[in-house]
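Quick heads-up: it's one chain on its own, the form predicted alone, in structure tokens.
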């Protein structure tokens, strides 16, 4: 099946280092530190990343963090709930911007 996002491209992510290897190294160090257990467990961080991946609609991230969540012990119910949390936040953000629409409407229809 042809898709705009080729799942095989996720394995090429590190190739981005070719243009700026020192920045790639710094990114990897920071990224690794972010996902280590701390106040949040690695499983919790993977679930957050999965939710964010859905919010920003990154298919590569969805694939990667579905796998990471499973590897860290999450199950389908937890992952689905995380996706619903992301969806609720996105939906709420769209709705709250309705206040802007109402403000403009009020100015233009007075």
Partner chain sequence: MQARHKSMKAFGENLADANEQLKIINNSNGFPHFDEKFEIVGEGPLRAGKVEILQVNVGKMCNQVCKHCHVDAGPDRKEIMTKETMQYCLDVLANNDIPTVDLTGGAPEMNPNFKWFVDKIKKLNKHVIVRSNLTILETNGYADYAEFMANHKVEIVSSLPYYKKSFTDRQRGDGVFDKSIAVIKRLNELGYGKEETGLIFNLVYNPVGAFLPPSQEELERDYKRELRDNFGIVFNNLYTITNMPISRYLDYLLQSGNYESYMQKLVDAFNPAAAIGVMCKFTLSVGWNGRLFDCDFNQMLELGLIDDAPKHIKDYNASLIEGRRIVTGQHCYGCTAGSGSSCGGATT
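All of these numbers come straight from a predicted model, not from anything done at the bench. Numbering follows the first chain given and starts at 1.
The next section is about a form of this same protein that is not shown, the form predicted together with its partner chain.
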Residue 73 within 4.5 Å of its partner chain in the model of the complex, heavy atoms: yes
In the model of the complex, residue 67 touching its partner chain (heavy atom, 4.5 Å): yes
Heavy atom of residue 41 within 4.5 Å of its partner chain in the model of the complex: yes
